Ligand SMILES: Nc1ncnc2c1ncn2[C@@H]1O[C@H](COP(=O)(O)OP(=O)(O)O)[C@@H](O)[C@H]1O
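Single chain ahead, by itself, as C-alpha cells, in the form predicted alone.
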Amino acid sequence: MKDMGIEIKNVDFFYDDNLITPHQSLFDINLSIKEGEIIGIAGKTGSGKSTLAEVIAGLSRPSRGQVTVDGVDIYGVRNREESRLAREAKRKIGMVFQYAEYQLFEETVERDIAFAPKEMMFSKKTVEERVNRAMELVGLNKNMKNRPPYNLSGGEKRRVAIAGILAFSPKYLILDEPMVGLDAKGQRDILNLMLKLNREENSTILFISHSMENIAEIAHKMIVMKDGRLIVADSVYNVFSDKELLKTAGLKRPKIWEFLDRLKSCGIDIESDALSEEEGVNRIVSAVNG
C-alpha cells in the first residue's frame, strides 16, 4: 500500500537557477504531512513560507530533493506513466493564494467556481453538483450564483475563491494567508471553514499565517521557518512553550498566553499556557474561584 500523506525530502530551491549567482530560498527541507492534519506555517517575511507552499503544491519544481503525494513523486517524471501518475497526484492538492479574490475573472460566481471542473472535462451534471457542493461548504447561498464577483464583500469574494478550489475536490488544501485583509467576522468565517473542511471532509489543511492566535486556535501542528530553513515541525503547544525557539524565529506567543503570563508574574496562581481566548477565560475564572 502506498504511503499516504505528503513527504518532503532534502528539498532545496533556488530562484533564477540559470544565473551565475542564484538566490537560494529553501535549504534541505525534510517534512512529513499526515492525512487529516491542520498545520499552521509561521515565520517572518522572507522566511520561505510561500515558496515551501508552492513546492508542496506542485507549482515550483525544487532544485534538489523530492516531494511525494500519497507515495507518488510529483516532480520525478521519467516516462509517460510516471507523468500520468504525477498529474493525478498534483490534482489532489489545491492552493489558495494570498488575496485570491483578485484572481476571480468570470462574469458570475457560478462560472468562476465551475472553471476548474470544466477544464477537467467533467459532465455538465457533475460540474453543477461540484459547484453546489463547493458553495455549500463555504457557506455561499445558491441565489448568489448569478451575481458578479466584484459586487461581493471581501469575505464573500475570498469564499468564492476557495470554492473554486474546492470544486475539484482536493484532498490536500494549502492556503497562503487566508485571513489577511478581512475584518474580524471574515477571519472567523475562514477559520470556521477550515475546521469544517477538516472535520466533515477529512481535508488535510496547511495554512500560512502571521497570526499566532489563528494558528493556536485551530492547528494540530506548527511549522516554523527562518531564512529558508525549517526550524521545527511540532505540536502547537510544544512550539509556543519554547521561548528560545520563538525568539530565534522572531515570533511571539498568542496574546492570551502573554496576558496570563503577566497575571502570573503579578502573583496570581494561574496556568498561563492557554492557546485560545476561551481557554484563557476559563483559566482566569478558575483562578478567581480558587
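All residue numbers are counted from 1 along the displayed sequence. Since this is a predicted model, take the numbers as computed values, not measurements.
Another form exists, predicted together with this ligand; not displayed. Remarks below refer to it.
None of T248, S235, T45, S32 but one reaches within 4.5 angstroms of this ligand in the predicted bound form through a heavy atom, and that residue is T45. In the predicted bound form, this ligand lies farther than 4.5 Å from every heavy atom of K221.
Although the partner is absent here, R253 is not a contact residue: none of its heavy atoms lies within 4.5 angstroms of this ligand in the predicted bound form.
Figure note: of the listed segments 261 to 269, 23 to 31, 65 to 73, 237 to 245, the one touching this ligand in the predicted bound form, with heavy atoms no more than 4.5 Å away, is 23 to 31. Contacts of stretch 47 to 71 with this ligand in the predicted bound form, defined by any heavy atom lying within 4.5 Å, are made by S47, G48, K49, S50, T51, listed in sequence order.
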